[in-house]
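Form predicted alone, single chain, as structure tokens, below.
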Amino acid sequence: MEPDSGGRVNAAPADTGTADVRFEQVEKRFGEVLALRSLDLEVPRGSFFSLLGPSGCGKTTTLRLIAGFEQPSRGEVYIRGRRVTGVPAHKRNFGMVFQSLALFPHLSVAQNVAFGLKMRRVDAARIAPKVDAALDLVALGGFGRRYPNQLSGGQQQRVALARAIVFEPDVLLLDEPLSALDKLLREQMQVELRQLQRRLGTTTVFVTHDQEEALTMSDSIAVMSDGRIQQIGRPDDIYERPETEFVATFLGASNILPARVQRLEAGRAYVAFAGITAWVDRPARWRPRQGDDVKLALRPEKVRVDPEHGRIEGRVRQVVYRGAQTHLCLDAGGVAINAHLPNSNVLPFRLDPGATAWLDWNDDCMVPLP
């Protein structure tokens, strides 16, 4: 494989399909530790794809396999339709932003951005225009002669991004690049990064443990746990229709309600819990039988609270003021139910520990967990 005049690596012709990254039954072992378990994954071309999960779930290992910093113990990795299993990192056309940013403190902003182009032996006459264009894209035009220690945290993030996109990579890899920023700057950079990705159309794989960040930025999310993908889908699909208890509780708060199936009808199951009966949709993957004990997920923001009317009476155990919301924990028929109430208006009643209130929700907000 030889670099072309633009610094790209030429290999077999790129596939014309829609997946820029594909894993086929990829397994990764570190000694006795199985970090990834028979992973199948497709990242659509031009998408912003997030790998979300707790520490040790395998998301960073997945990113390193795409980059070529690690090789699979079993299975195949493809980028743009090319099999890259066994191909080292320096022969793959990807850009990467690390959690630490990894800017060279002794190099100017322009020199940092130009570094990858020089390593790819791009013609010297073409480097300066490419660097200027990349800095303009991240709103740092005119900053080329400054050094990293002369920049704010957000500006350093933009330099790292410019360095990653300057050579037009096939895939942009982001390893928790916003985790060190304070909340306001992190939220600002989420918007800027997403807007930049949309303008460029570069396929982007983003690793994060921050659920809100993944929901905000992604076209698709893969929720990972214990080396496996628990669920892949659009942010709203995964949040509203979790397929496992892990997804329901990791991606935002969720009430997990123990229930028993009373009867089955076409497309619905009627279930009993806490002294009431409710119905839930029956997705194809869920095949309960009458009398089965099951679990249901109900998001706390779907629960309505009223002092006099509702489906089930509860006693307030805890009240937590969170600014935009008030979080309540109630005991309802021996079942703990959390409710998140918006603070958009003054509540017409007072809720203190020990008070009673009535709870209600729409049955179609409850999701069965296989």
Ligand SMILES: Nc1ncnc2c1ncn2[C@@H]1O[C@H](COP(=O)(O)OP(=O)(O)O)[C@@H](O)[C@H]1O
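Start at 1 and count along the sequence shown; that's the residue number. Keep in mind that what you see is a predicted model, and the values were worked out from it rather than measured.
What comes next is about the form predicted together with this ligand, which is not displayed.
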- Task: Sort through A35, I337, L39, V43 and report the residue having a heavy atom within 4.5 Å of this ligand in the predicted complex.
- Result: A35
- Message: Using a 4.5 angstroms cut-off on non-hydrogen atoms, would S55 count as touching this ligand in the predicted complex?
- Response: yes
- Item | Non-hydrogen atom contact Y321 with this ligand in the predicted complex at 4.5 angstroms | no
- Query: Using 4.5 Å between non-hydrogen atoms, is S47 touching this ligand in the predicted complex?
  - Reply: no
- Counting only non-hydrogen atoms, which stretch in 312-320, 327-335, 298-306, 59-67 is within 4.5 Å of this ligand in the predicted complex? 59-67
